[in-house]
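The chain below stands alone and is given in structure tokens; this is the form predicted alone.
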């Protein structure tokens, strides 16, 4: 059964009592909350998320998301994120419950899921071949990822490049992509048929609208991808778009700086990252136009010359 198949009554009952249990990529989640508007947004963004049976699927993260009590309930409504009885963040405004949940889950994964090498990158796939987009904030990573997905690439993740140590495959974690500030109207014009979530004003990252993962990406979240390209995007408003080959040694160093847990994984992380760089073509993408950047990436994927 899928999250979108639950009635509102059943959705609220599960979340308020034993917990709503569903799968997101390689992670099993248990969520307890009584926030009805948040649940409506969650169901709208992830209708294809598979629900889990409690007896057969132990969960990696047990999350509670509820309103803060006391005087704040009336004067300054806030929401608090808890994971396994611990709260790692200060409260957010109550109307920002969904972005808090998304960012809180990112924190859980990035700080504890060390069974794989975790890169800070978007990952998309076409014809079984994975494209890794490692980047620092402000590079245009999410916008480029969203643009490629709107053109038919499969979304593995907007945030995590999950590299399995045993075979070097990329594991999918298809979740909502947080578009920020100027990228929101850009994508809404560029890809008007995609599913966009509510508008969240004045978050800690500015104006945010989430782009839902396509149904096909959720349906294929059991299918890994073989790494083929590593592209470091860098957006410059009005700049010339060009794809420049990157030496593998430099790409290796940059990936270390874009990893959540390279230092934690020690020799295993070194071996996995070495194998990744050895099997991928590496590039720097100077990006001045979303359309031009997508054209450059698709020409590369089709085997054309740059």
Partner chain sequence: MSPLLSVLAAERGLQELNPSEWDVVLREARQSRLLAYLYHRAAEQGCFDALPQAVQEVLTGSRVYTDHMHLAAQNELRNVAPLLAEAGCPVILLKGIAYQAKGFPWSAGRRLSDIDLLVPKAEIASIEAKLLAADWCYDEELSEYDLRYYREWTHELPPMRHPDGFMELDLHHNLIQPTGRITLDAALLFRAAQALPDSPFAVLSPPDMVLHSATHLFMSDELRGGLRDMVDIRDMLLHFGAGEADFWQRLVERARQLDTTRPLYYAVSTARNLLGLQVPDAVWHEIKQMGPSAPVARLMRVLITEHLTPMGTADPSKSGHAQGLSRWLLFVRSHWVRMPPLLLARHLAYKAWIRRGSAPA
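A quick note: this is a predicted structure, and the numbers were derived from the prediction, not measured. Residue numbers count along the first chain shown, from 1.
Below, we refer to the form predicted in complex with the partner chain, which is not included among the displayed structures.
Looking at 250 to 258, 273 to 281, 234 to 242, 30 to 38, which stretch has residues with any non-hydrogen atom within 4.5 Å of the partner chain in the predicted complex? In short, 30 to 38.
With the partner left out here, check for me: in the predicted complex, does some heavy atom of residue 112 sit within 4.5 Å of the partner chain? Residue 112: yes, in contact with the partner chain in the predicted complex.
In the predicted complex, is there a heavy atom of the partner chain that lies within 4.5 Å of any heavy atom of residue 49, even though the partner is absent here? No - in the predicted complex, heavy atoms of residue 49 and the partner chain never come within 4.5 Å of each other.
Evaluate residue 85 for contact with the partner chain in the predicted complex, applying a 4.5 angstroms cut-off between non-hydrogen atoms, and reply yes or no. Contact check for residue 85: yes, within 4.5 Å of the partner chain in the predicted complex.
Does residue 44 reach the partner chain in the predicted complex if we count a contact as any heavy atom within 4.5 Å? Taking the distances in the predicted complex, the answer for residue 44 is no, it never comes within 4.5 Å of the partner chain.
Within 4.5 Å of the partner chain in the predicted complex, do we find a heavy atom from each of 60, 66 and 265? Checked in the predicted complex: all three residues contact the partner chain.
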